[in-house]
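Next up: a single chain in structure tokens, the form predicted on its own.
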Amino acid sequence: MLELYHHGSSVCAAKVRFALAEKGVEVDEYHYVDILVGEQFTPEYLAINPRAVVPSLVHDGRVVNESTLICEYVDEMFEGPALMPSDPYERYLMRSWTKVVDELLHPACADVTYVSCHRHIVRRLGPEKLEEFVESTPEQSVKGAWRKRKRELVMLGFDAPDIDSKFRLYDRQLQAMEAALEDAVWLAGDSFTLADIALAPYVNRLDMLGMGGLWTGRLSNVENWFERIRSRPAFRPSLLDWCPEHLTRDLREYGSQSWPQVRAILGVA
């Protein structure tokens, strides 16, 4: 029995759905956890994932958390195309990218997403529900001190401390991808791996926010890589179709409104 607890706009959940689909693994039961109204804070879900984040994989009653570890577990546990290289150096390259995602890009993506879009969505809850939503957030969740940071992002928007650096970090990672793809088809070499699966949702997040100008006509290797990613049969059902229409619309509309500020921060023409 394979169960997945996930959300439509979660980059980590998208990563795991992408890995499962590329591996050809069928999920027996999906549990949709609406993280924008606080369903991740229920006692039932906290018993599965004490950090109150998605995704969580439950395989024959055993809980597997942390998206990077879930992806490696899926590759090792199930038959199907190998998603980790057999060559030790290429496996090192793959893990270098997944480490960057976990330690740098994901925390930055949380800030980027909230300041560009999600702060507008959660403010619709009204003052009382919004306060309850923020206070329910564990301090160690998406990242350390996430409750305090979430409050800053929701209340201050682009005036939140240090927000410019998050966009600059994101841009540096895109430029690192550009360099890595100069002589390779995929991020860890000539084979599609968990490195590509790990980065795809983070580039797609910018695309859904209407911020594709960060690479289109600017970083040609990233642009071509993303086209290859989007052409894979598993891409749309894993990264796009699970995102509800209203949320896809919010990401695009609020993200597009934020794009001039992002462009100014990064000096993008």
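Note that residue numbering begins at 1 and tracks the sequence as displayed. Note that this is a predicted model, so its numbers are computed, not measured.
There is also a form predicted in complex with a small molecule; it is not shown, and the following applies to it.
| task | Just one of 81-89, 146-154, 166-174, 191-199 has residues with a heavy atom within 4.5 Å of the small molecule in the model of the complex, so point it out. | result | Checking each option against the 4.5 Å cut-off leaves 146-154.
| query | Looking in the model of the complex, is the small molecule within 4.5 Å of a heavy atom from each of Arg95, Asn204 and Trp225? | reply | No, none of Arg95, Asn204 and Trp225 comes within 4.5 Å of the small molecule in the model of the complex.
| Is Ile35 close enough to the small molecule in the model of the complex to count, meaning some heavy atom within 4.5 Å? | Residue-level check for Ile35: yes, a contact with the small molecule.
| Hey, in the model of the complex, is Ala19 touching the small molecule, heavy atoms inside 4.5 Å? | Although the small molecule is absent here, Ala19 would stay clear of it in the model of the complex, with no heavy atoms inside 4.5 Å.
| Within a 4.5 Å heavy atom cut-off, is His106 in contact with the small molecule in the model of the complex? | Residue-level check for His106: yes, a contact with the small molecule.
| Partner contact for Ser10 in the model of the complex: the small molecule, 4.5 angstroms, heavy atom | Contact check for Ser10: yes, within 4.5 Å of the small molecule in the model of the complex.
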